[in-house]
Each structure stands twice: as C-alpha cells, then as structure tokens.
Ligand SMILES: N[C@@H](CCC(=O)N[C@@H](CS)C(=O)NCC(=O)O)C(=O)O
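Only one chain comes next, encoded as structure tokens, the form predicted alone.
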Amino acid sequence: MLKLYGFAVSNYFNMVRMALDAKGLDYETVVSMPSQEDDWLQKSPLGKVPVLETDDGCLSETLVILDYLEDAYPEKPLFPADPFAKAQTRQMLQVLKLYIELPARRLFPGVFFGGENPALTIEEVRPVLEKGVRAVKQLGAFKPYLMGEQVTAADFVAMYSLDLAAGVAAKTYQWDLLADIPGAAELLERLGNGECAQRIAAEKNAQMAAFLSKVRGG
C-alpha cells in the first residue's frame, strides 16, 4: 500500500492527499515533520514533506509525486489526455508554485507565525504575486474547474496555494487577491466542500495549535 508522510498543516501534503483521494487510491498517512535526521533524509533527501512511499521506493517534491500518480494510476486521470492541454495544466502548476505559493511563503513568518517581515521582503513579494495573479487569470478557465470542465491536479495545487496567498495579501497589503481572479473564490469554495477536503480541514485545525507553538518556539 502507498504511504504518504507529512502532516495536515502542510499545504503540499494536502495537495497530494486530495489527488490520492480523487484517484480513489488506498493509502496510509504517516504523520511526519520535516527533519534533517539521517533516517528521514533516506526518504526525503532535502528533509521535507510530503514523501510518497511506493513499492519501488520513496518520492519527494509534490509536483513529481503528482506526475508519478498520473503515470502509475491512469485510470482516473488528473491531467488531460491531449498533449497540449496536459502541458497547459503543467504550466499552471508551475505558475502556482513559483509565482503564488513560494513568494507568499516568504511572508508567512509575519502573517502566520508571530514574527515580523522585513520591509524589503514585503516590497519584493508583491510584484511577484501580481505577476502570478495575472498569469492564473489568463491561463485559467474556471468552467467550473481551474482548467475547464474536469478537475485536474492544478485544482488541488490552487486550492492550497491561493488560499494562503490570499491570507498573506490581505494582511500585508490589504489586497483582496482572490477578487482579482474571477472565479477563484467560487473554485476554492467548491473544492473545499468535498468530503476529503472537509476531513483535511478538520485535521489541520486539530494540529494547528501545536504546530504554531513549535514554530514560534513555545
């Protein structure tokens, strides 16, 4: 059986969980935190989560895991069959990672973790997010899912990237990021109402206090 290592506060862990559920795959979750311990580095060379353990070995990096699941379990596809449409979906995944999630993450310390963000970082992040928002708006279909009529892996990455970026934008810039992407708020609501998403949200809420205490050194 597949094993997925991580914890419910991790948005990347949750992206993979949503994909596994959408594909109807049996898997076991193993609560694990990022670590530089030797045993963990054998599974995750950079010490990060999530990690997917398969019969052939372990994989890390969320987008790699999503590609593996698509290739290994194609029965319920999360990428279009058409090569160009598939490439468009992968393009969206890269935009969400590089221009939405990663820049927003730079401001997590001051927004979510009780720290303070340097003025230079605040200045640097906004134009990157603006580019990302523009690209998502241009590349997305929202009919009703991000890339069209069928749910894809891009929906699950958007689900756990746009929400956090929106929180960062609201607190840091007083900017309603989702309002600048027509259809985004409705998409997140639609995805969030699913059974798996509700279960993940409950687990995230249960783990959040302990996670924040650890991050803040409590």
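What you see is a predicted model; the values in this text were computed from it and never measured. The numbering used is simple: start at 1 and walk along the sequence shown.
Not pictured, yet referred to below: the form predicted in complex with this ligand.
Contact annotation: of the candidates P182, P34, P45, G57, the single residue with a non-hydrogen atom within 4.5 angstroms of this ligand in the model of the complex is P34.
Exactly one listed residue, out of V49, L191, V151, A166, brings a non-hydrogen atom to within 4.5 Å of this ligand in the model of the complex: V49. Though the partner is left out of this view, Y5 does not reach within 4.5 Å of this ligand in the model of the complex, counting heavy atoms only. Not displayed here, this ligand is kept clear of D67 by more than 4.5 Å at the level of heavy atoms in the model of the complex. For the chain shown alone, E61 is a contact residue for this ligand in the model of the complex, at least one non-hydrogen atom being within 4.5 angstroms.
Proximity of N11 to this ligand in the model of the complex: non-hydrogen atoms within 4.5 Å are present.
Between 182-190, 49-57, 169-177, 22-30, the stretch whose residues reach within 4.5 angstroms of this ligand in the model of the complex through a non-hydrogen atom is 49-57.
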